[in-house]
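Below you'll find only one chain, the form predicted alone, shown as structure tokens.
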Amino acid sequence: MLRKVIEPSKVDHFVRWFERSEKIVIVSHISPDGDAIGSSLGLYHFFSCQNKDVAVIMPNDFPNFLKWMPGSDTILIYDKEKDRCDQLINEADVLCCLDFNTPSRVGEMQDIILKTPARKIMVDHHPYPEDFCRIIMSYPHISSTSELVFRLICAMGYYSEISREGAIGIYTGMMTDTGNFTYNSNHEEIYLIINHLIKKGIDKDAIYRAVFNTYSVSRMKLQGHIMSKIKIFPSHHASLITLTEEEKDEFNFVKGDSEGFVNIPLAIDDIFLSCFLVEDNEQNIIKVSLRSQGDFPCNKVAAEYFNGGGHLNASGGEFKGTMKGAIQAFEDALKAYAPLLCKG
């Protein structure tokens, strides 16, 4: 029996919307990850089973290792089909905003999302949600938005309506947003939910292989290159890895190739904090990923130094400047947080 995480009044409010709506649009954040895609497809399949006219829209494309998921071929990419996406969002009865807590996280979709007359609901697990949706289901202590989607559907009384396809999306999102259940995943109810999803017919081993065991030779060589130049800060129990545009070209980089790199240094003994800086000339920024172990708050580092945020052990942000400047910002953060890092 799952605890009632989502307030019943919010569930009832959404049920009334759901029952009256015909057209529903689901959106998520820029550079969508496994939780963004998984939660969106989990909800998409549920709405489809209820004969709703539903569309999923992402701000930009998502990695190939997620494109095997049932329903992924129906996802619309905003920066490729802007006019069609704008029309769908404007005509929607309900807009479901999944896995983001602020409109700025959807990039060029921000204006249309704020202006649409559609009733908006946020389902998210990132802290400090902004007030741009009428219904806000924000629970930072929950492992993933995909877990929240499962809880929402069950709270609505529709567990029996979750299809195998929807269960695959939900499990994939839960798995990827916890590093295959290695962080933010120590609550017993996560495994109760997994049990329910297995009963729906998912093959969790096959899902793992589809996400993590489909890398190209170029990607594996890139990983070796990145790790060969890792910088360790022994006194701070921290590590730094970087990826430039020049290196992307050298290793035939495609979207998603660097997924998971930030987690690798945490396998090194006595490393509590890992930082991964990626040059992005299209957006003229350095993308920042941070992971930590124990009680170290890498989300505070992301917020204070990289205009970002996230969870205690998994967060991200961006740096507007050069790679050299981003490295310096990280080293400044290490000095500022030295008491916590040295504490271990």
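Residues carry their position along the shown sequence, with the first being 1. This is a predicted model, so every value here is computed, not measured.
This protein has a second form, the form predicted in complex with guanosine-5'-monophosphate, left out of what is shown; the following refers to that one.
Student: Could you tell me if A314 has a non-hydrogen atom within 4.5 Å of guanosine-5'-monophosphate in the model of the complex?
Tutor: Within the cut-off, so yes.
Student: Could you tell me if H126 has a non-hydrogen atom within 4.5 Å of guanosine-5'-monophosphate in the model of the complex?
Tutor: Contact with guanosine-5'-monophosphate, yes.
Student: Does any heavy atom of P59 come within 4.5 Å of a heavy atom of guanosine-5'-monophosphate in the model of the complex?
Tutor: Although guanosine-5'-monophosphate is absent here, P59 would stay clear of it in the model of the complex, with no heavy atoms inside 4.5 Å.
Student: According to a 4.5 angstroms non-hydrogen atom cut-off, is H45 in contact with guanosine-5'-monophosphate in the model of the complex?
Tutor: No.
Student: Looking at 51 to 59, 315 to 323, 37 to 45, 66 to 74, which one sits within 4.5 Å of guanosine-5'-monophosphate in the model of the complex if you count heavy atoms only?
Tutor: Selected stretch: 315 to 323.
Student: If you check R151, H237, R105, K120 against guanosine-5'-monophosphate in the model of the complex, which one has a heavy atom within 4.5 Å?
Tutor: None of the others qualify; the residue that does is R105.
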